[in-house]
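One chain comes next, on its own, written out as structure tokens in the form predicted alone.
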């Protein structure tokens, strides 16, 4: 399977790209608004993987070219760039593609981080509204620590919650999550549940702030 990570030069994009390239045989494509930046980051990821004995090709292109014809397209950009990023690649998406949103809207005050729910109801819904009608949108990977993902020396033991209205698309994204060693995906139901899933992320950030030893807190369900 070919996976494009739009915004794959950022923290969560880097973590997911390295883990999929390291743990699986899926082909990884990095997207950015600037083709050169994507190509340079892809080369950095290849170097890191080569240092670990893996001969893996990671491609890097401008977002529209990165998204074109790919099986799964992860919109790994900040929440305020989700809609315009999806709209910029909408005409390039394969008719059978699955769109994935890991973004979470948050705002900060003196007490900590708080979920900032957009008018659409969730950032996943923002992505779905911007996507072509035939393209299913799935929310996943929201609460994973980008730092832990990107550090391939770290063993993971985390859950990720998967939401979306298309059951087959949820299954596809859950399988990709399961392919990463130490990640267990859990089905959280339709897209209407996305706000509850996304709101876990600011909770984890606050726990990390107020509790020593929880700098990279995640969630597991038993």
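Predicted, not measured: the structure shown is a model, and the values here were computed from it. Numbering follows the first chain given and starts at 1.
Form predicted together with a further copy of the same chain: not shown, discussed below.
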Open item on the list: Using a 4.5 angstroms cut-off on non-hydrogen atoms, would residue 199 count as touching a further copy of the same chain in the predicted bound form?
Closed with: yes
Open item on the list: I'd like to know if residue 113 sits close to a further copy of the same chain in the predicted bound form, meaning any non-hydrogen atom pair within 4.5 angstroms.
Closed with: yes
- [ ] Please check if residue 182 has a heavy atom lying within 4.5 Å of any heavy atom of a further copy of the same chain in the predicted bound form.
- [x] no
Task: Partner proximity in the predicted bound form: residue 56 to a further copy of the same chain, non-hydrogen atom cutoff 4.5 Å - done: no
TODO: Counting only non-hydrogen atoms, choose the one of 60 to 68, 47 to 55, 188 to 196, 34 to 42 that falls within 4.5 Å of a further copy of the same chain in the predicted bound form.
DONE: 188 to 196
Task: Full three-residue contact with a further copy of the same chain in the predicted bound form, heavy atom 4.5 Å, for 109, 148 and 206 - done: yes
Task: Sequence-ordered residues of 65 to 82 touching a further copy of the same chain in the predicted bound form, heavy atom within 4.5 Å - done: none
